[in-house]
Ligand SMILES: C[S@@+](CC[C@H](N)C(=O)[O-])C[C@H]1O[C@@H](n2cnc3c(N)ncnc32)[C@H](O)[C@@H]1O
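One chain comes next, on its own, written out as structure tokens in the form predicted on its own.
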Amino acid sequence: MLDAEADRRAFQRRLDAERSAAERNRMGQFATPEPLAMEIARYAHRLRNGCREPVAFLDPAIGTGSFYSALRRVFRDQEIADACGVELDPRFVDAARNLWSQSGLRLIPGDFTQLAPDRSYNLILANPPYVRHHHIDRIPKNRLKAAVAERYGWTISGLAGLYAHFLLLADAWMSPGGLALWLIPSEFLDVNYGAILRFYLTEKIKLLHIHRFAPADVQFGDALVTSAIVAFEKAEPPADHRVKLSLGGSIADPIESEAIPLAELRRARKWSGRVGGKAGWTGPSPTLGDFFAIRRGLATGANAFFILDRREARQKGIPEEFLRPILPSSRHLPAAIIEADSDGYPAIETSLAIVDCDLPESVLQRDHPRFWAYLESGKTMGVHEGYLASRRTPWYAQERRDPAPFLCTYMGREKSGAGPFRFFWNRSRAIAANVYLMLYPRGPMENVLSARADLYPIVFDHLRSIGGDLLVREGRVYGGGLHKMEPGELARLPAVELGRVIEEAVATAVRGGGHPPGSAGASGRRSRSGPTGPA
């Protein structure tokens, strides 16, 4: 059997080399490393301890058979009654036949999501294709959604990856009491499009264990994705059922673990903050979203063309009236407070401008020929045909966006003890690209800051004091330790202390005989300093 595993690894290396990393990424072909397949097979054997029914094994995306190879080394021959593998790629079908045809493995060529079960299986070990939604064409995506709707009556999000469809549709292949261990991306724990998987795992089966690997512990050398192992039985959970959640290390020997009541998981909006015994915040009011409208920064569709060094833009003859200041990436910001120069541009070494004009090309050709020539050079590069530019009129006009007084980085990595996300106080007129989240004061926060400019530094201090662990738990993490925060996730963070600042500001105004900020008798007009506070 060791010789067979060595042969399998050789086949895998050869087949992987036949396609580029980009091609394998589109097809979701990331082979399960042999040590990980063994770890999962051993854990399955442990979970089946005491089960007298022989194994009827299924791998719905068998590839070269890493799980089948591990199964044969962990389980005794007399424990395995049947084994079946499904595979779409003809190259891997041929490889699996060459490797395992003499061992009793039955191979079914074809697309697992379009097949009807040939029998029921009591053990599924699977690493389904990790194909992101944008690599699934419209017609196959609609067919997949229809298949899920037909089985469950549910509407699955069009953002769900192929692995979610595999897991949900494999339910029809499982026998009552059967065991399944799935190796899938851990993103389903948090993202909105993972809600259907979370519902299935808490309502339709008996969820046993979710083990999430540490973000820096990437399981696949050719895919930057944080992985999780999900183990469950096809059975009704008891009323007091608890689910084991673990983090780091191996599934059999995790670094942290905790048994969470199933009822608590059913109520939880996100799960990753609970893995490893660190219960995530569940959303007490108030939140940042009560005080700020949070939006991603500007997406140009072609930053290299539309965002220029200010001096370079002048040299190209682009008039100042068609340029707006824009912030560089956070690594070029020397301080958390972004001061303004005399023109409102950030007072930093890297002074960038974004091209933004809504005049017709004919007017620019007549009145600003050098600027028009620059735009024509963009056409020769196909900039005007890009996804975003082609949907704008004219194609070089940017989305309307005001400067935001506060910013948060959109993604980052933890380093030198610092968290992956940084807040900035923007006192310039610069807008920001989509590497930032922009925080616009709203409701009571807008009213208070309009009347009390002295509160800007206090609000900023409160934003910076938000715990890094809280930011990390509310956001999401990808392989290699890359953290990302979406606007809705940042908006859900608790803001109790900011609420107290506003309450105190209102109370102070009332005690002083004035009017609460934002009321009819307040200052009477918005601060001249605009949305960024006093310069």
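As the structure is a computational prediction, the values presented were derived from the model and not from experiment. We number the residues from 1 along the sequence you see.
Not pictured, yet referred to below: the form predicted in complex with this ligand.
Quick one: of 264, 89, 256, 361, which gets a non-hydrogen atom within 4.5 angstroms of this ligand in the model of the complex?
That would be 89.
So this ligand isn't shown here. In the model of the complex, which residue out of 302, 298, 162, 208 has a non-hydrogen atom within 4.5 Å of it?
Comparing distances to this ligand in the model of the complex, the residue within 4.5 Å is 162.
Taking 4.5 angstroms as the heavy atom distance cut-off, pick the stretch from 79 to 87, 247 to 255, 199 to 207, 310 to 318 that is near this ligand in the model of the complex.
Single hit among the candidates: 79 to 87.
Quick one: does residue 240 come within 4.5 Å of this ligand in the model of the complex, counting heavy atoms only?
No, residue 240 stays farther than 4.5 Å from this ligand in the model of the complex.
Is residue 70 a contact residue for this ligand in the model of the complex, using a 4.5 Å heavy atom cut-off?
Judged by the heavy-atom cut-off of 4.5 Å, residue 70 is well away from this ligand in the model of the complex.
Quick one: is residue 43 in contact with this ligand in the model of the complex, heavy atoms, 4.5 Å cut-off?
Answer no; every heavy atom of residue 43 is more than 4.5 Å from this ligand in the model of the complex.
Can you check whether residue 127 is within 4.5 Å of this ligand in the model of the complex, heavy atom basis?
It does: once this ligand is placed as it appears in the model of the complex, residue 127 has a heavy atom within 4.5 Å of it.
Enumerate the residues of 52 to 83 that have a non-hydrogen atom within 4.5 Å of this ligand in the model of the complex, in sequence order, or give none.
Going through 52 to 83 in order - heavy atoms within 4.5 Å of this ligand in the model of the complex - the hits are 59, 60, 61, 62, 63, 66, 67.
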